[in-house]
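Here's a solo chain for you in structure tokens, the form predicted on its own.
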Amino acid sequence: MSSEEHLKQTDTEARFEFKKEEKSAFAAEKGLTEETIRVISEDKDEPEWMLQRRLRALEQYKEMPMPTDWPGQPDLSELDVDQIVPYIRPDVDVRGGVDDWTELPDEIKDTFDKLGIPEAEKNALSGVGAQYESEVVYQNMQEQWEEKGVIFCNMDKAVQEHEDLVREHFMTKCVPPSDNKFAALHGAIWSGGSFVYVPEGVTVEMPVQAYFRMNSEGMGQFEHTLIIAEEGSEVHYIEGCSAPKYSAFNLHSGGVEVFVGEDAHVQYSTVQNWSKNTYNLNTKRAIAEKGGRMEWISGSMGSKATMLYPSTILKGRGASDNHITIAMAGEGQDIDTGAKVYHNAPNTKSTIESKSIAKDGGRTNYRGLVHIADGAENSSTAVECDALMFDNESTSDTMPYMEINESKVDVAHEATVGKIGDEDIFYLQSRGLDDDDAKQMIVSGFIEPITEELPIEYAVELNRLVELEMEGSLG
């Protein structure tokens, strides 16, 4: 049976909820110690400067307190990093991954077949990376883009083969370990992830995608994504994430750094479907130079607790930023998402559109910051937060912060909270829909501004994931 035939015969729930027997070539001990850091670095054969950065990040992590005093933040009291396995190297013959799916062990290949990644690569992508546990196991880029100087490889390979670029940009200017406790944790034990470099003037016409899969119980995944788009270039990066449900907690604490050159354009789209035993705590940031344009499109669901606030520093005159976010929370879930934008130059522009859905006592929260610096005249920002609730037990909050230090600016904020009304359901039922289909249609229309920004394959997948969340089938 072909990958395409298999995919068509496998429903979305089964594609995400399956588990594989845990097999690894190497697994670190639980917890976070200097010895663990040295073992990870040695296993990767890293240069000394990277080891030293890891160790400095470890010290910063130890010194920084857990975030506990944010108003309305998710409860992290049950998260014990000392019980997390920080590094698992899958049992694959070729370190750094292969460029042919058939060379992977059957159990890993079957995982990504079920997730539909090989089929998506064939139909709609310029390149694909696939990470299993702590390391990338597959990486490929279409030859036409390699000939134009585009680099798409895993971060471990980038450290070895593009050392100068990585050393200059890795957790130095964009997301330093000092940013927050989980950025420091990430800096100490990061593993895997993607490196994307687009030369000046090159437009990568089809998206590149990386998919991150956690399979083992009680592990942490800490992939790092570094994107450098030179002047006048353009690229769309898509990230997918998932994990099956276990009784022990898992931790995902990724890091993303994006450098948008003058008049360059980067779109970063992510659909995260972690299981309900996963803490999802990420740090993502972009820096946009003069005329640069950054877009974040995020769908977040499935975790026990999420704290995710992609941020952009508009550094150069005329730079712009656009955030579109959807968050969905069901029973026992606290999804705290938002955006941060720093207008540090004149004539900069940002828009933030947040959509959240809460049901069965779940909680969603928009937490955002817009900062306009003194001297950033003629800048503008517009923030729109819309929340949809299914019942009286669910909660949706909005916590926007505005720091405006310049008078010649345009600032707008709008927030709405609504509940699916009986009259809406009745109207759709009168047109032949049952109760569940009526609710699904309302939700699909609610999130349409986000799905229309995604390639059709991913828009369909996101709608199906939301449908499964409404049914309570995932995680």
Partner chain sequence: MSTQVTANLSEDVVRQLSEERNEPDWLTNTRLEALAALEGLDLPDVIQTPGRRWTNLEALDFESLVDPLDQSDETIRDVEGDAEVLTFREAIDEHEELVRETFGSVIDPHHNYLTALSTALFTTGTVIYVPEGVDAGDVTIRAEMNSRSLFSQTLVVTEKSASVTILESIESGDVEVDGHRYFSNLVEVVGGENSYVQYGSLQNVDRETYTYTLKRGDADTYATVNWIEGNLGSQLTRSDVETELNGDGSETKIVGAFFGHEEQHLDINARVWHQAEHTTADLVTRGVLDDEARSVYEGVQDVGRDAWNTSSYQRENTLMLSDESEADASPKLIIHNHDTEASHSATVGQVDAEEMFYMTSRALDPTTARNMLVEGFFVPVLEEIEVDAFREELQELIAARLR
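Quantities reported herein were computed from a predicted structural model and do not represent experimental measurements. Positions refer to the first chain, counted from 1.
Just so it is clear, the following notes concern the form predicted in complex with its partner chain, a form of the same protein that is not shown.
A residue is said to contact a partner when one of its heavy atoms sits within 4.5 Å of a partner heavy atom; Ser178 fails this definition for its partner chain in the predicted complex, lying far away. Shown alone here, Asp334 lies farther than 4.5 Å from its partner chain in the predicted complex, counting heavy atoms only. Remark: Thr102 does not count among the residues lining its partner chain in the predicted complex, judged by a heavy atom distance of 4.5 Å or less. Taking the partner from elsewhere, Pro47 is found to have every heavy atom lying beyond 4.5 Å of its partner chain in the predicted complex.
Comment: 417 to 425 is the region of 446 to 454, 39 to 47, 54 to 62, 417 to 425 lying near its partner chain in the predicted complex, near meaning a non-hydrogen atom within 4.5 Å.
For the three residues Glu146, His162 and Met171, a heavy atom within 4.5 Å of its partner chain turns up in the predicted complex in no case.
In summary, among the residues Glu403, Asp80, Glu205, Glu200, the only one with a non-hydrogen atom within 4.5 Å of its partner chain in the predicted complex is Glu403. With the partner omitted from this view, the residue of Leu369, Leu76, Ile151, Ala345 that lies near its partner chain in the predicted complex is Leu369 [heavy atom within 4.5 Å]. In this stretch, 43 to 65, not one residue has a heavy atom within 4.5 Å of its partner chain in the predicted complex; the partner itself is omitted from this view.
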